[in-house]
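Below you'll find only one chain, the form predicted alone, shown as structure tokens.
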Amino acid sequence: MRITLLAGGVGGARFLRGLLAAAPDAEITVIGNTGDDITLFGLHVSPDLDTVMYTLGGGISEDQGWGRDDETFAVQSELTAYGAGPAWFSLGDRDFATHIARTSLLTAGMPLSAATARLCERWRPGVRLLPMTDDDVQTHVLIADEGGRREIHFQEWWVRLHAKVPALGFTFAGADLSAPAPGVLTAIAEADFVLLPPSNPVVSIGVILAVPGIAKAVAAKTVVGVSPVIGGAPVRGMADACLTAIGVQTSAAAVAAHYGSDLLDGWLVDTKDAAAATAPELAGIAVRAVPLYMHAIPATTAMAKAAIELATELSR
């Protein structure tokens, strides 16, 4: 069985744990979001790629869901003492090593996809991890505050401002000029089906689909998504702030309607949202209600099995 996923960070990584347990013999390719990538202290940081890599490789901070376990912050402390910023984005010592290694590979002429593969040689995540593109694509957020109406990098809005300044919109700078990374379109075309884990539909999945060629390739496949919203609230993070900015209600049905029946064939919702199965706006999308809280590996495995079963059913 060949499965391809489009994934962001924490939600996608945790779903993948269950998927690996549910389908241990499957060939799984993960197309990761790089719109969150940012240059800090001269280093190329890929938060979502690293979260998938660390989680599946056994090095993640389980409490946070991101960053390294058993982390120390001596380097960050020294940089702060020098007045080197930004102080609002904290990197641990172990994490710094990853970014130094990645940046060294990129400086030597490797594309991001090849650098990611090299880093994964250490972590052996059990999946093929591909960035959505080797090109520079950045998610920017339009805000209006005391500084006026302006665009800032997604990380500044998310990490420094904690999404407390309302987003007026999002742009994926550079996406229109980008191309899918090597292997991305092939992984989609050769998959038995494509899964959308419970990642942020706007700034995780949406930016991947903004890379020319990816949305068309995905729409040609059987696609099953997992709702990141349960009972009218995001399971994790601030997806509600992102959905509000693009005029989408924070509900399982509204997120599926946002993706649309041209893209989605099936949609898993939590049992709290079972009424979505009869929502008129989801006509043409097969909706199944199952428990979606990923509070433990067995629960996540059952959730992944449900996604596989629905995708297999719809692929016949």
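Being a predicted model, the structure only gives us computed values, none of them experimental. Counting begins at 1, following the sequence as shown.
The discussion below concerns the form predicted together with a further copy of the same chain, not included here.
S.K.: Going by heavy atom distances of 4.5 angstroms or less, which of Q138, T98, S227, S178 would be at the interface with a further copy of the same chain in the predicted bound form?
M.R.: The residue from Q138, T98, S227, S178 that makes the contact is T98.
S.K.: Of the options A219, V75, L161, M238, which one has a non-hydrogen atom that comes within 4.5 Å of a further copy of the same chain in the predicted bound form?
M.R.: Among A219, V75, L161, M238, a heavy atom within 4.5 Å of a further copy of the same chain in the predicted bound form occurs only for V75.
S.K.: Could you confirm whether L168 comes within 4.5 Å of a further copy of the same chain in the predicted bound form, counting heavy atoms only?
M.R.: Judged by the heavy-atom cut-off of 4.5 Å, L168 is well away from a further copy of the same chain in the predicted bound form.
S.K.: Is A277 one of the residues lying within 4.5 Å of a further copy of the same chain in the predicted bound form, judged by heavy atom distances?
M.R.: So A277 does not count as contacting a further copy of the same chain.
S.K.: May I ask you to check whether V287 falls inside a 4.5 Å heavy atom distance of a further copy of the same chain in the predicted bound form?
M.R.: Close contact is absent here: in the predicted bound form, V287 is far from a further copy of the same chain, nothing within 4.5 Å, heavy atoms only.
S.K.: So in the predicted bound form, does any heavy atom of D192 sit within 4.5 Å of a further copy of the same chain?
M.R.: Result no; D192 lies far from a further copy of the same chain in the predicted bound form.
S.K.: Among the candidate stretches 227 to 235, 200 to 208, 146 to 154, 99 to 107, which one is within 4.5 Å of a further copy of the same chain in the predicted bound form when only heavy atoms are counted?
M.R.: Every other range fails; the passing one is 99 to 107.
S.K.: Can you tell me which bits of 41 to 55 touch a further copy of the same chain in the predicted bound form, meaning any heavy atom within 4.5 Å?
M.R.: The stretch touches the partner through F41, G42, L43, M53, Y54.
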